[in-house]
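This document opens with one chain alone, in structure tokens, the form predicted on its own.
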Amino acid sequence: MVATIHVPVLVREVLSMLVVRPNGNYLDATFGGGGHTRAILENISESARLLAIDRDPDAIERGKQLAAEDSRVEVVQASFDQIADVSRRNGFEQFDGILFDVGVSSDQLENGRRGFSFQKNGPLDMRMDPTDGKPASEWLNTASVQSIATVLRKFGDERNARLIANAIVRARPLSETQELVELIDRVCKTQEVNKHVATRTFQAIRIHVNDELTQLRQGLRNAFELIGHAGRIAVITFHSLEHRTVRRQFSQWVDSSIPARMPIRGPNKGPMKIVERGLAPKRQETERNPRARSAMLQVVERVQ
């Protein structure tokens, strides 16, 4: 396991909006490098409790080290669709705050053997949990041109989806990330400014392999079951598909009687109210941590 290098984003903002009760129960649904978990622990009381989960076994190993240091923490390997069951099995019936930090972490990107990065060669895996499901290589080496192109368009908004999909099928079998990067570089003649030519393809394949958007929707529904009155759900997302998924679910919970574009707000008919619609990191943070540039924080509070 590689050393933790993940830098958490929007930490101050998360703490100010999420930690509403210092004596409460909290859930970090994406432990990752543990940055947000540690920050929450520093801002809750000795009687408070925190459950941290993650799909990634490397993250769980880091979490267990933290749990050995702090008795307030429980760490469990689980995916978003298991949050409700895992929470109750570990004695958490309700939470005062639930945090999701969605997507791939710096630890995963920097570890070439995980296959998430187009900048480091390694096996074409991309699974959040390497023991569960099919690696990216298995899917790429068996899927049809149409299936691959659809995934690249749907989850990566890749304009050259069909071109890349045809090239993948012609070059099969693929086994390493560098093979895929070189293939994309050959067939894509134009490149976006400040964006690697393989960015959209790698994002799309990763989302598909891990069923990330379905997991996010299920995680949010589980969070709704578990959040107590005046408790808050905070979600950090990193690209438009995630942003929209969260915004759509939050809007359904809020169900305001006045359209969002109006300069005034009507009474909430739903069980939630919006605390933050979409907060981006400040310039100082993005200068320190360029990977924070695309981050967005959205927060709701339970009112019924």
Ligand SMILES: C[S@@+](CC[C@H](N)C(=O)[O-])C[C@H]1O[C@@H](n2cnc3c(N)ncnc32)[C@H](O)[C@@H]1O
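Don't overthink the numbering: it's just position in the shown sequence, from 1. Computed from a prediction, not measured in an experiment: that's the story for all the values here.
There is another form of this protein, the form predicted together with the ligand, and it is not shown here; the text below is about that form.
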Inset, instruction - Give a yes or no for Ser79: in the model of the complex, does one of its heavy atoms lie within 4.5 Å of a heavy atom belonging to the ligand? - result: yes
Legend entry - in the model of the complex, Gln108 touching the ligand (heavy atom, 4.5 Å): yes
Legend entry - Proximity of Gly34 to the ligand in the model of the complex, heavy atoms at 4.5 Å: yes
Legend entry - Any non-hydrogen atom of Gln215 within 4.5 angstroms of the ligand in the model of the complex: yes
Inset, instruction - Have a look at 227-235, 95-103, 193-201, 117-125 and name the one stretch with heavy atoms inside 4.5 Å of the ligand in the model of the complex. - result: 95-103
